[in-house]
Ligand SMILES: Cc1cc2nc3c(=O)[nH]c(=O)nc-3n(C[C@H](O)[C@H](O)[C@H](O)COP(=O)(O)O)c2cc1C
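Form predicted on its own, single chain, as structure tokens, below.
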Amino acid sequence: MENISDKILKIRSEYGDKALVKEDLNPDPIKQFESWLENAIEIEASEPNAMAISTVDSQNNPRSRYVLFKNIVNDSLVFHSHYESAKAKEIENNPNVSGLFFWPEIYRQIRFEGVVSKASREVSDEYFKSRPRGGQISAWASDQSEEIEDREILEQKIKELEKEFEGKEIPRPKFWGGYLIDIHYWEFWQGRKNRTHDRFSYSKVDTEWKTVRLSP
């Protein structure tokens, strides 16, 4: 019987051979990001707006998780979360983050580095109103990242909130809202055959973006 190491060694995926050249890149990385995201949405990639975010805790231990990218505001990427969650506390302590989008269906990856700040009340309110009612209730019900004895406690809280807000508009909790990522470094990766991938980075130099090709 094969062990897990043997099975991993047999995993091989070719990434096609679609070229990425500097002349095809938009000089504005936000526009380039939008173009690739639109492509991922059009081909119905799985969770095209799933975004891995990495932070560090107070002991400088790296921590990563997926969140959902939801908007672009003033050239910053927006996601939403509980303001008292573990990642929120980490961001408050150190707002520098890195992130990643990956669309295996089209062999593309985008990596970025930036600084996080809270979004405006208007941005947070607008998105909260767009959430399904169940998602609005869950924002109220979850003490995100806190220890919970069992799921029944959460389900009971949801029932109580459903009764409390029955027939009413659900307001956004003050402890929940949006974050903006102001990005100063982007990297666009196009998978190529034989691992000879095309990679380009955008780095902010004063107010201009410098684009260079990177070795795979």
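Sequential numbering from 1, following the sequence displayed. What you see is a predicted model; the values in this text were computed from it and never measured.
Omitted here: the form predicted together with the named molecule. The next part is about that form.
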Per-stretch contact check against the named molecule in the predicted complex, the hit in 73-81, 133-141, 93-101, 116-124 (non-hydrogen atom, 4.5 angstroms): 73-81
Since exactly one of R63, K31, K159, H184 fits, which has a heavy atom within 4.5 Å of the named molecule in the predicted complex? R63
Does at least one non-hydrogen atom of S85 fall within 4.5 angstroms of the named molecule in the predicted complex? yes
In the predicted complex, does I153 have a heavy atom within 4.5 Å of the named molecule? no
Is there a non-hydrogen atom of A50 within 4.5 angstroms of a non-hydrogen atom of the named molecule in the predicted complex? yes
Does at least one non-hydrogen atom of L68 fall within 4.5 angstroms of the named molecule in the predicted complex? yes
